[in-house]
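Below you'll find only one chain, the form predicted alone, shown as structure tokens.
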Amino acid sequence: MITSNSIGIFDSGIGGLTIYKELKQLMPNESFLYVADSNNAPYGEKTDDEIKRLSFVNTQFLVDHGVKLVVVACNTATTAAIKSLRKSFSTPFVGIEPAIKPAAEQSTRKKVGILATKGTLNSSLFHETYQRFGKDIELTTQVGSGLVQLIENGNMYSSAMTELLKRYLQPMIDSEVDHLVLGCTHYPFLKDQIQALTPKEIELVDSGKAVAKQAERLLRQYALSNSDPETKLDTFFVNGVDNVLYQFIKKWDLAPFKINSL
């Protein structure tokens, strides 16, 4: 594997851009190849078999393009498919799981909320993570049905989004949680709105920085880090409407980029 090869990222849509942003900021010398499977979003409402199939297709595409590491930038795909992906491909993988551990460790009230997809909350990995790190906390869970679709369709600041967030956040407010885990990579896009709708003492927690640090560790472990500081071009492949994806990447201005259709 060549150190100048790109890091691959895939998600069910634009949610993984929140992970891409953390990766790029931590590792500006790296180039990235991103697959947005927007036509099949959200993964959280599909069966495990379908999620595994889609994850395999996305990974094969990235591997065929010579990536040196694959970041599964989707909580649902991680929980359903990463074990089988690691068995099928020799490329190193980084997955995502809800940030229950840091939320549990930092919570003073020992009351934590988690907003996630149905697929993530029903997964064995989620329950294993909760048993390992969350046994001493009171956990309030909420399926964020409809949030991903609104984000993907460019309706992030719509009245429909506000109404859904109010409905989903109220049980956590009533439970007096002091930490709220954003258990889907799309949800960090909603941080400002969530903070506006919740008491100021509720701390929002996501996995972005932890995922970026793990990817950096793996690159060092396999001697795959790129030390060349020359500006890199990042490439994004999308099989749906690309205007929302374009707006975020353009706004962040992290690197030159191009967008291709899948």
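Numbers for residues come from their place in the sequence shown, where the first is 1. Predicted model, so just to flag it, every value in this text is computed and none were measured.
There is another form of this protein, the form predicted in complex with a small molecule, and it is not shown here; the text below is about that form.
Single option in V148, I100, L121, I137 placed near the small molecule in the predicted complex, where near means a heavy atom within 4.5 Å = Residue within 4.5 Å of the partner: V148.
Each of D11, G44 and H186 near the small molecule in the predicted complex, meaning some heavy atom within 4.5 Å?
-> Per the other structure, all of D11, G44 and H186 touch the small molecule.
Please determine, with the chain shown alone, which of 158-166, 126-134, 100-108, 177-185 has non-hydrogen atoms within 4.5 Å of the small molecule in the predicted complex.
-> Correct option: 177-185.
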